[in-house]
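The chain below stands alone, shown as structure tokens; this is the form predicted on its own.
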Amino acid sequence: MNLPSLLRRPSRTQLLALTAAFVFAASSSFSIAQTTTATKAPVAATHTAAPWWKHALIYEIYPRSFQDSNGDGMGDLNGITQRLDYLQSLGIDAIWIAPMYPSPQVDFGYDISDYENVDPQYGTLADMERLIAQGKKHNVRVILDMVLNHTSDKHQWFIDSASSRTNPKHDWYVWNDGLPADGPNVTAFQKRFEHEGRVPPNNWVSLFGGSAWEWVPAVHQFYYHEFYKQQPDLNWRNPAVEKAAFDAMRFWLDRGVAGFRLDAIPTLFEDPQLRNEPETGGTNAQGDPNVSDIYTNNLPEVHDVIRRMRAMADSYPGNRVLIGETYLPNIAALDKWYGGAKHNELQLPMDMQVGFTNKLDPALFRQRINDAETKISGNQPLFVFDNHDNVRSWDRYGDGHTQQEKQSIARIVATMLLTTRATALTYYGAEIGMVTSTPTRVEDVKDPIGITGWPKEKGRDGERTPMQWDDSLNAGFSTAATTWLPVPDNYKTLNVKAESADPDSLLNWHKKLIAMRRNNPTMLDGQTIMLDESNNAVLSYVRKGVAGHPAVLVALNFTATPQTITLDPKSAGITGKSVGTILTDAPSLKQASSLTLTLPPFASWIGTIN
């Protein structure tokens, strides 16, 4: 595939594209240098009216890479449990764990062979139940990754389905007889996959390369796979599939999980007519023609399933949440995934349009944050800048800049994530500035897409390297001689231990932002209104005061040169002539009092207006 800019995987559906307790005081002026480090968690906000997820900070954990508890070089569930103190001190409300179910690991767990158990490499079902229980003691909920578009070809469902056309589970997957190889309108691409005189029924391309159809001699048919051939797509037009999938979700809901992140959820349905996708020109990394996905992605039928899924989740106590991996073309499409004004589908479909702009463009961020504020029928936005499928934001936004500038840009990214009115989703290591460590040789690649697509596509190993805890062997991740992916060379200085001791570190910047966000009602519920909207160098906005608390101003310099701005909150209906600094990484702004500010290069400033 041809990858735009530094974004390796815009989505799995398009090939795959913050120990400081900072208690906010409205009348005080604080800066990063004035806040001391503490080891306890921020005090929970006294906010009970809204469901927990509305103001949550969710932390994605790639289980292979977070903490190894048994010395085998691979992370596991008990390792996550060992690190709950850290997660609590950081201010995390919930962890999303990438798939830990039994799996052949062709796609590192996104090929599930049993929805109701734990893969032995990660531990046992008892280990998961212990993690959930210990998480509750630490006020950290557990969200599981649920993969519903497809299973592994080693799942018993598919084994049965592929055994015979008359097997009761044959129709649980998408099968087709194909077309005669010499038939009219058969393309050269289809002919590459001829079997027994038959070719795939259309030009659909797997997002991991090759035809999306795989031949099974036992039934003389092709089955459809959006991803790897070892990941056959379930047939969601069969009610039995929905029942079985919902039963698997209930299995975990009954064990106390807080909800699910729904992988590749827009791809549940395919065009029943199996029409050819329009070709878009050029070829992908594997040499296949590029095609659109209008017949395999975001079909309207999926919303009926999601409404029923929401009703099922709502039948459980505790505000269980459904989060969607929703890479969508525009804000109107995103609104549909909430159920629009009816609020009856996903509580939190991911807004990828904000976090994956991949360029420091104030106008673009202004528009997209404002869209999320005003164009999703009053639903709660969910912003995300990092995940396991994309080059880390440190690199995507810092590319071409000095290390010092990258540090400042990372603070800008964290500030946008944690000061806008959105539920926030972050990824392990983002809080310390972990970088993307892409393999330089194909021999070192573990991700299959990197193996088949090299050198155009180098895979996703770079953003999945082990968490860097300290300067000991393997960064404190594992005692093994060799880890499943190598620990980046910078771990001696870039790690949690070192940054915890440095009051000016990126980690402590995150902690202060998180505590401020958690303890200030304005940061929880205050409306976000853009300021200085014609400024192409500085992004500034106000969070309107709530419950008698003052408004909060945010100003971010997206450039390498100083920028002087005059904030005009009157345009947002807010009065006041002076400001007080809450948090800044610019020493010159610690005592700022005027609405006219000179922001140093790539500076972040947060203050109140009086």
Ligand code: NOJ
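Just count from 1 along the sequence shown to find any residue number. This structure is a prediction, so every number in the text was calculated from the model and none was measured.
Just so it is clear, the following notes concern the form predicted together with 1-deoxynojirimycin (NOJ), a form of the same protein that is not shown.
Residue heavy atoms within 4.5 Å of 1-deoxynojirimycin (NOJ) in the predicted complex occur in exactly one stretch of 406 to 414, 186 to 194, 256 to 264, 282 to 290, and that stretch is 256 to 264.
Not displayed here, 1-deoxynojirimycin (NOJ) is kept clear of Glu214 by more than 4.5 Å at the level of heavy atoms in the predicted complex. At a distance threshold of 4.5 angstroms between non-hydrogen atoms, Asp389 is in contact with 1-deoxynojirimycin (NOJ) in the predicted complex. Proximity of Tyr110 to 1-deoxynojirimycin (NOJ) in the predicted complex: non-hydrogen atoms within 4.5 Å are present.
Within this chain, His150 lines the site of 1-deoxynojirimycin (NOJ) in the predicted complex, having a heavy atom no more than 4.5 Å away. Listed residues Gln353, Asn519, Ser505, Gln231 were compared with 1-deoxynojirimycin (NOJ) in the predicted complex; Gln231 is the one with a heavy atom within 4.5 Å. Contact annotation: of the candidates Asp93, Glu325, Asp119, Glu431, the single residue with a non-hydrogen atom within 4.5 angstroms of 1-deoxynojirimycin (NOJ) in the predicted complex is Glu325. Looking at 1-deoxynojirimycin (NOJ) in the predicted complex, residues Phe208, Arg460 and Arg464 each place a heavy atom within 4.5 Å of it.
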